[in-house]
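In the form predicted on its own, a lone chain appears below as structure tokens.
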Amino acid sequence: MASIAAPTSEQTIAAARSERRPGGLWLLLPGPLGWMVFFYLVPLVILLVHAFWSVDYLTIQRTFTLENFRTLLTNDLYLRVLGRTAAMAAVVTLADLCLAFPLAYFLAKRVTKHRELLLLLVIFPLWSSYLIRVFAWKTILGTNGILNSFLLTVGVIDQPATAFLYSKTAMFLTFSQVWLPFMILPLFTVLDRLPNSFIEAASDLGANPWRTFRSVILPLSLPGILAGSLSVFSLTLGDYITPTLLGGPGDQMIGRLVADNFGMSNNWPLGATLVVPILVLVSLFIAVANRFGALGRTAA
């Protein structure tokens, strides 16, 4: 009969320490978890509770009702605005991904000198105010802006064009430029940790650049793609400053309607109800990311 070895003193000490060591959740309670609960989850729950109340002569009636959700689902205006917002967020996310991936790959795998300086240039726009960047695009796209002045100089147009500003095009360009760093940084982090030996092995096995990208680089960079896409998609969904300053009369987005209901209309319950589709879309995005099992994984 085989004898069972007695635990060594080192194993006994390690076991005792593990029993005394607090769990990971308890370590989060005093700091990050407490902050999230009291300054994010509690206000969010209060906001969602408002969605089940109503307004009577600018006074909130704290009685349970589903009338706000019926209004949301039966009002064509809200459905069109929600569809327009989701479409804009998806197009901006795709555009930023196409722009950010080559740049992030270049910084991670091709640049050997002054990489820190180039990364600084990537995040440099984040040091300025969001409003300043939006107004910068307003001066570029305006009738007396840089773009119209250039087109007039080269003779492409005879008079300033008014189609650039206060349009979906203006919102698309602004969103794409403003949120681009949020796509570049996660992609750079993942691609920088991607071992070069993987790419060299694919080349040694006869894979062409496209096959290497499709079979090696793209799957291993999926965590960065999902993290950056989630940031850009959610930020575009909830924004109301850019549609307000650069959008046209028929280019409202859901964030603008939420702000109007909490402001001029003083209809907080309906405004809270309009927030629900945004939360649902972001939650579905996160669920899809977790379904693929890539969110939070590293390429190392």
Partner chain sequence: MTQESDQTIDRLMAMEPAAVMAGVRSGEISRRDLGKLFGALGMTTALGTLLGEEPARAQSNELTMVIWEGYADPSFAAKFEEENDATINATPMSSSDDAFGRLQAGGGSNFDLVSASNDVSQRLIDAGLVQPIAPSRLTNYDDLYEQFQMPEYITKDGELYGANFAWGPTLMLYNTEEVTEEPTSWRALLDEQYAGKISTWNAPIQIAQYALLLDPTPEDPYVLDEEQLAQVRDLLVQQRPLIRTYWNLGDELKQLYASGEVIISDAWPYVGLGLKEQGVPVAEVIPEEGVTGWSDSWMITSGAQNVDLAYKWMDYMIGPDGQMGVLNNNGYAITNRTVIEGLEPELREALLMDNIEEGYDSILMWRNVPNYDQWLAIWQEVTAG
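Note that the coordinates shown come from a computational prediction; the quantities given were computed from them, not determined experimentally. Positions refer to the first chain, counted from 1.
From this point on, the text means the form predicted together with the partner chain, which you will not see here.
Participant: Looking at the partner-bound form in the model of the complex, is Thr143 within 4.5 Å of the partner chain by any heavy atom?
Facilitator: Contact check for Thr143: yes, within 4.5 Å of the partner chain in the model of the complex.
Participant: Is Phe188 a contact residue for the partner chain in the model of the complex, using a 4.5 Å heavy atom cut-off?
Facilitator: Output for Phe188 is no: heavy atoms all beyond 4.5 Å of the partner chain.
Participant: Would Asp260 sit within 4.5 Å of the partner chain in the model of the complex, counting heavy atoms only?
Facilitator: Yes, contact at 4.5 Å.
Participant: Do Tyr40 and the partner chain come within 4.5 Å of each other in the model of the complex, heavy atoms counted?
Facilitator: Yes, Tyr40 lies within 4.5 Å of the partner chain in the model of the complex.
Participant: Which residues from 116-133 come close to the partner chain in the model of the complex, meaning a heavy atom within 4.5 Å?
Facilitator: Heavy-atom contacts to the partner chain in the model of the complex: Leu126, Trp127, Ser128, Ser129, Tyr130, Leu131, Ile132, Arg133.
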